Ligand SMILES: NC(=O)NCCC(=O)O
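The chain below stands alone and is given as C-alpha cells, in the form predicted alone.
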Amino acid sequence: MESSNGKPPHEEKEGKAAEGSIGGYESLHRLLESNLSPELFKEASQLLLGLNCARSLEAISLPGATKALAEAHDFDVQAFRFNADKEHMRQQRIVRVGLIQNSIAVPTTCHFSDQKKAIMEKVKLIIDAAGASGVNILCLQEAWTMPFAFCTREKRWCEFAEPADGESTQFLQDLAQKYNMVIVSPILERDINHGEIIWNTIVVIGNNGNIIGIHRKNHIPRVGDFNESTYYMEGNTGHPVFETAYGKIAVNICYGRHHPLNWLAFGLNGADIVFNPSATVGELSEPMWPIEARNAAIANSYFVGSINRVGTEVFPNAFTSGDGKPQHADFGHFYGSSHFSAPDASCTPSLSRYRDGLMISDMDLNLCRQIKDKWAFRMTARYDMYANLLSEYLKPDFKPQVIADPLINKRKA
C-alpha cells in the first residue's frame, strides 16, 4: 500500500531517520512491506494482522480531497474494511469510523491560549479530511487540547481544564453538525457544579451537534512518570455505553486498557465499538500496545479503536518520577501506532510512529453477534462464580483458595 503522499514507504524520509521511526520506516508494517517479496509480505501480514472472514483485510480507496489534505499537511492516512458474513434476517450494519493521532503544534513554552489554538487548528484539518471521507464516528486522542503535562506535577497546567460544554466541545459541535458525524472528545474537565473538581473525561457529541453524554476515566496510572493523581480523580460514571445514530459506543480511557474487567463491563453493557484514547511512550508500553486492545476485542466480541498521541513533548522545567532515574524534561516518545481491532482477531496495520495520522475503517457491526454465536464466550462464562469470588475478595477476612501439598513441610524436615 502506498503512503498518504503517494510515495513508497522507504522513500518517505530522506537523510536522517525521523525520531520514532523503525530504521527510517514509519511502522513495522511498512518496514516489512519494503523488505519482503510480495508473496512473503502477504503471508507475514496474514500472520500479524489475522484474517477477516477468511480473507486479508481490504484497503479502502479514499476521496481525492482527503488525500490532498494529507499531502498538504503531512499526515498519514490509511483506510481498511472489516466485513461480516451475509445474513438472511438482518441487513448489513456498516459504519465508517475514524481515529486521529497528533503531536502538539507549538512548544510548551508558548502561551497556553496559543498552544490550545494551534492544536485545534491542526486537528481541524484532519477532522476535515475525516469529514470528506464520510466518517460517521470519530475519536480524538486523550487530552487532545493540550500537551500531556500530567506528571510534571505543575498545577499551572490545570488551566487547560474546561467544562464539558466548554470551548473545545463548542468547536467540535459545529464540525459534528457540518459532517453529520459523532465525535468523541477526550478533555481535561473542570466540574463547575462540584467545587471545580478536575476529571479526565470524554464528551460524546452527537451527529446533530448535541452533547449525548460524558464518561470519566476509571483508572489512574501510578507507574513511572505517569502518576496522574495530582491532576484528576478516578471517574464516577461507571461504564456507560452511548447509543448513537451509528451504533453503540463506549470509551475505555488510556490506563483502563490494562484492566480486563474494565473492558468486560463495556461489553456487558452492550458496546459495539470501544475506543481507547491514550497517551503512552515506547519504553513503557509498546510491547503491550498491539496485544491488549486486540485481546479485548476478541474476549468481548466488539471492535476496538486504539489511539495514541505522537511525538516528544518537552517541558520548560525538568521533573522526576521518584524512581531513581535522573530528572528529565519529557516523558519520551509518544509512538502513535493507532489502529483498529475486530472481534474475529483481525486488525489493521498501525498508523505512523512519528507523524500525525487518520485511520479510517468501514466495519459491519453484524460481526459482533456472529462472533458471539461462533465462540459463545458470553454463554460459557461463569459470571456467577466470578461474582462470588469478587464479593469474597472484598471482605477484610478474605483468604485465597489455595490447596497446599501436605507433604511440603515433611520434605523440608
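Just count from 1 along the sequence shown to find any residue number. Keep in mind it's a predicted model, so treat the numbers as computed, not measured.
Here the subject shifts to the form predicted in complex with the ligand, a form of this protein not shown in this document.
- Checking 285, 136, 108, 321 for any heavy atom within 4.5 Å of the ligand in the predicted complex turns up a single hit: 285.
- Site annotation in the predicted complex: the residue of 279, 204, 176, 146 reaching within 4.5 Å of the ligand with a heavy atom is 279.
- Although the partner is absent here, residue 258 sits close enough that one of its heavy atoms falls within 4.5 Å of the ligand in the predicted complex.
- By the criterion of a heavy atom within 4.5 Å, residue 163 is excluded from the residues contacting the ligand in the predicted complex.
- Within 4.5 Å of any heavy atom of the ligand in the predicted complex lies no heavy atom of residue 129.
- Although the partner is absent from this view, residue 171 stays clear of the ligand in the predicted complex, with no non-hydrogen atom inside 4.5 angstroms.
- Taken together, 142, 221 and 226 are fully in contact with the ligand in the predicted complex: each brings a heavy atom within 4.5 Å.
- Picking from 233-241, 75-83, 248-256, 96-104 the stretch near the ligand in the predicted complex, with a 4.5 Å limit on heavy atoms, gives 248-256.
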